[in-house]
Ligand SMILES: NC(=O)c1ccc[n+]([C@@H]2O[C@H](COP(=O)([O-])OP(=O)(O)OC[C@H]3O[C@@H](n4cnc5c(N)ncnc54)[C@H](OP(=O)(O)O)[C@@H]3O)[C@@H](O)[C@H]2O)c1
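Listed next as structure tokens is one chain, alone, in the form predicted on its own.
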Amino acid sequence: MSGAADGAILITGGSGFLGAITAAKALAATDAAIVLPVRAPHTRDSVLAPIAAELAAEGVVTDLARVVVLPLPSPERIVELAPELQRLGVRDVLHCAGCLSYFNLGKLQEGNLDLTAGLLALSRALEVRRFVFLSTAYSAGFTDQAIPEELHQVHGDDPTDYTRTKRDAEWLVARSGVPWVIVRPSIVIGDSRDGRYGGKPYGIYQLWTAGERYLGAGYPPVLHVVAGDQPVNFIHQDAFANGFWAAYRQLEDGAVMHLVSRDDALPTMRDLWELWLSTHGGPSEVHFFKRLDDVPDEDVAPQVRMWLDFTAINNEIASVRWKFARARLDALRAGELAFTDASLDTVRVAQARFVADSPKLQAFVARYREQGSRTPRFIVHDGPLLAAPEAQP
């Protein structure tokens, strides 16, 4: 699969964050036509704008006339695209589209299962050379066991129906009869070099923006947060682009690969909180808890409780010690793959860029540099905060 592409590449999710990054990578790495099926209200111009911005940031000059934007039918009618795609010479499908609505089961069913099934039917009709499915590293569900680079025969409880539908979609791919590769990234954050980020406020960005939303009226004197000492697995969007492309071009059929950073490089949630508060100021006292259930309800300010509830799923995911196998990624990294692990220093770059790009966060930061404590006192709890015993009469 190495070398220039000898046929067009169909990429789903071109109107989204990771799909646009993948499309930019395909344009930079090949001379192939890139076919992007998208739904209304997206237009050719709206789809090409973030792709062009990514290419410009990478210093790549290429011909965007190679991009073909087509209307994406409903899942049951996707196979009707086959004649047009045969004319365009589509040989490979990179399926980067999906639904992240944690609590909307109907959208998850349509976006992660029905859409995948429709694209697999289309791929069979086209007799594609390769179908690459973008899943998630968390498709195993909660587990304290090592997570293998293979289909999940056994799984833990799911954080949300999102991880379940991604796992079920993996099995649709594996049983499709189409040559396939599955790529499971962890939490994708901004570019490791300049911090730029084109996605929605998920993951660490949700924590940052939710802080501005719920704490905007003022930090309470004491802040309670969920911040354990296990590594939180981020990957930068440049590492994602390079790793996903390497998996597509170099892995064997039937391979599953975790696209994750090495544990020894990664920050913990405690590291991330100390980075934010030490940089931007905050309350006079901060209590770190390993799990959300350990945070005492009676001691938490109302706006902090709302903020903790809003970010509960991400806090729960970050509270688990995930043990991802990464033999395939390590093998690619031993070759020519350029892959920068996420670390506290690289997250610092992403944090600074995110604040610089957000006027609301800039105002939030400026206010607490003046009103908050420059050196908060950090208190670490290994378990629930127990009430002091009552005095004996």
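Note that residue numbering follows the sequence shown and begins at 1. These numbers were taken from a predicted model, which means no experiment stands behind them.
The next section is about a form of this same protein that is not shown, the form predicted in complex with this ligand.
Only one of 268 to 276, 128 to 136, 153 to 161, 218 to 226 lies within 4.5 Å of this ligand in the model of the complex by heavy atoms, and it is 128 to 136. Using a 4.5 angstroms limit between non-hydrogen atoms, Ser319 is distant from this ligand in the model of the complex. At the 4.5 Å threshold, heavy atoms of Pro376 stay clear of this ligand in the model of the complex, well away from it. This ligand in the model of the complex is not approached by His258, whose heavy atoms all lie more than 4.5 angstroms from it. At the 4.5 Å threshold, heavy atoms of Gly98 reach this ligand in the model of the complex.
The contact residue chosen from Glu80, Glu285, Glu110, Asp263 relative to this ligand in the model of the complex is Glu110, the criterion being a non-hydrogen atom within 4.5 angstroms. With contact defined as any non-hydrogen atom lying within 4.5 angstroms of this ligand in the model of the complex, the contacting residues in 30 to 48 are Arg39, His42, given in sequence order.
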